[in-house]
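Included below are structure tokens for two forms of one protein chain, each presented in isolation as structure 1 and structure 2.
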Structure 1
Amino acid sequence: MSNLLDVINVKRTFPRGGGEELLVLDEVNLSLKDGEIVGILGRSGAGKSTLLRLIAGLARPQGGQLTYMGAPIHGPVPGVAMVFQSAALFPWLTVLENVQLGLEAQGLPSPEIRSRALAAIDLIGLDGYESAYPRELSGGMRQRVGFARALVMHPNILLMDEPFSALDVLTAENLRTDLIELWLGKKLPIKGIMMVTHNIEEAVLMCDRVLLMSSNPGKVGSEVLIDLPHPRERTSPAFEDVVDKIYVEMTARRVERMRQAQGAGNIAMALSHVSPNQISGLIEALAAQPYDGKADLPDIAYEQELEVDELFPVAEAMQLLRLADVEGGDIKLTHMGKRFADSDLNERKEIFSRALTTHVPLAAHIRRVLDERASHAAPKTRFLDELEDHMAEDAAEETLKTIVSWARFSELFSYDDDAALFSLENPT
């Protein structure tokens, strides 16, 4: 018997300026078996949502093959339904009318459409709200309508693109619990689920396997099996061990790539935008009790209420600046990180400035160019063009934005956004 889904050596590119192509996904391989929930974890920009769109047949790959139950995917697949981060309901339609839309498009008899829609609404816990309009519903209830709209199609595969991320913590937890109970009770009309998430605990709570995607380009870097019985207890040692393992896997490869780029003096190292205030805040949290300079990444994420896409960029920035070491799922302040925590604002600026010129090749490069020019000024395009030779336009913009933020805090150099001009305020 074939898998529900197979993705084989899939490649996806997007056009860039000058006729070039940006490689978003490269040699992606994965499968989904009958009875599985598979999670896809990765940083923003890893191509997770793009991958789901390819699986749903909403986009075409530039290479490789996708098959649904052994048949090639060349367009939208009737047996695959998708739930998005936002339910995107039609505001002028009632709950019942929103859920019925897909069935109406299939031309089914009216009695069957109504019967299946009412059953889906009841299944997802919205019985009694059939005549309500989206404006009358809470965010969690609107998302339940999105689930009902997908389930009413009786798909074999349900794709979920961060379906709980826009909800508050309690609402998301309630919806996750209900969905898992329906799945375990075999009450859902589906055979397999594939979900994209940036929440590690959510993945461990729900999934049988988790695929960890690396970035630039996106590909499946590793797989973590989650052989834990349901219901899963977040505070159990076994649950925490799996969470720790995923944190270690997700940080180790990224940190190694960063070290290699630093060692080579590579100015084209993509940086996520992290403000000096975020860096200072995490340093202060780590320096305080109960951590005393060292913390388990899952613990600090939980205590500071940070998701992966919030914590990892800050931790990596601290690693880059040598203010902390990230290794084995832990983050530990370095000697300079501890000095930073104990210093006043002026000394913090000096520490930050030295770290920039010593450990961030692009910052040192910009400062060197400004020092060497008689005007001590250079246009943004001078550096943006260099970055765009090695990365996408949006990544180049974000990298420069980060450098500007760090340089302003440390007073390493200035930037005039109106004139798009870098300069030295007090050239030496």
Structure 2
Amino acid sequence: MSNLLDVINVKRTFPRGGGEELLVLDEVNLSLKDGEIVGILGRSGAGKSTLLRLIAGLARPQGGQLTYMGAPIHGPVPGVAMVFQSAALFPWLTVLENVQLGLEAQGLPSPEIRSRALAAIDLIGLDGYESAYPRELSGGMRQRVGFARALVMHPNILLMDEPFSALDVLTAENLRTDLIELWLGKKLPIKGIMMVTHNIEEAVLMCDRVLLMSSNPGKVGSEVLIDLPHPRERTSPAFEDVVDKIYVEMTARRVERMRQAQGAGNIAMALSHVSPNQISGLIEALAAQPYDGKADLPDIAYEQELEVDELFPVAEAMQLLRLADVEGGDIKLTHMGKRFADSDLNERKEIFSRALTTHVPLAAHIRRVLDERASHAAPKTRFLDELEDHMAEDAAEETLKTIVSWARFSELFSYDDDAALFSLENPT
């Protein structure tokens, strides 16, 4: 029997200015088998939504092949339904009418449409709200309508694009729990689920397998099997072990690429926005008791009231600046990190400035350009254009914004927002 879904060597590019192309997905391979929930875990911008749109047949790849039950996907597939981050419901239609829409398009007899829609509404816990309008529902209930609208189609594959990420913590957890219970109780009229998320714990809670996706271009790196019985306990050691393992895999690969770029003096390293304050905060927490310079990443995420995923970029920035190392799920201050913790503000600025020129090729590059110019000034576009040769426009903007906040803190160079101009106050 063939897989529900196969994605083979898929490539997706988007056109950008000057006849160039942005490579968003490259050599993506994956499959979904009957009875599986597979998670695709990756950061914002990795290409997760792009991948799901290809699977749903809403867009075409520039290379490779996608098949649904062995047959090539050329357009929207009736057996595949999608749930988005937030359900775009028609405000002038009731819950029942919103759920019935997809079936009406198929031209089924009215009584069947109605009974299937009522069953889907009942299943997803919206019994009694059939005649309510979207504006009368909470965000969580509207999202349930989104699920009902997908399930009513009795698809073989349910695709979910960060379906819980727009909901508050409790609402999200309730909906996850209900969905897993329905799935395990074989109450859902579907054969397999593919879920995109950037939330590691969510993936470990729900999935049989998780595919880790790297960015720029998006690729499926490794796969982690999650062989834990349900119901899964977030606080159990086995659960935490899997979260740790995924965390380590995701960080290790990024850091390895970062180190390569550093070694090669490559300025085109995309930086997530992390402020010097966030970096100082984490360094101080790590230096203090009970950690004394070393902590388990999920532990300190919890302590700092950060989601594990929110800690990623901060931990990464600290590694880039060589203020900390991450090894085997632990984050550990380097000698320089410890010195930073023990220093006053002026010394901290100096340490930061030195770390920038030594370890961040882009910062060193901007400083060099400013040093060499008689005016000691250069417009933002000078560097933005350079970065955009290697990354998407939004990534280039974010990278530059990050560098600006680091340079301001360390006084390596300054930046005037209104004039969009880099300059030096103290040229060497």
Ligand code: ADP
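For residue numbers, the reference is structure 1: its sequence is counted from 1. Quantities reported herein were computed from a predicted structural model and do not represent experimental measurements. We call the rigid core the largest set of C-alpha positions that still match within 1.5 Å between the two forms.
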| item | value |
| --- | --- |
| Between structure 1 and structure 2, the form predicted alone | 1 |
| Residue 281 C-alpha relocation of at least 2 Å between structure 1 and structure 2, rigid core basis | yes |
| Core-aligned C-alpha movement of residue 77 between structure 1 and structure 2 reaching 2 Å | no |
| Residue 192 C-alpha moves between structure 1 and structure 2 by 2 Å or more, core aligned | no |
| Between structure 1 and structure 2, C-alpha offset at residue 292 (rigid core aligned, Å) | 3.4 |
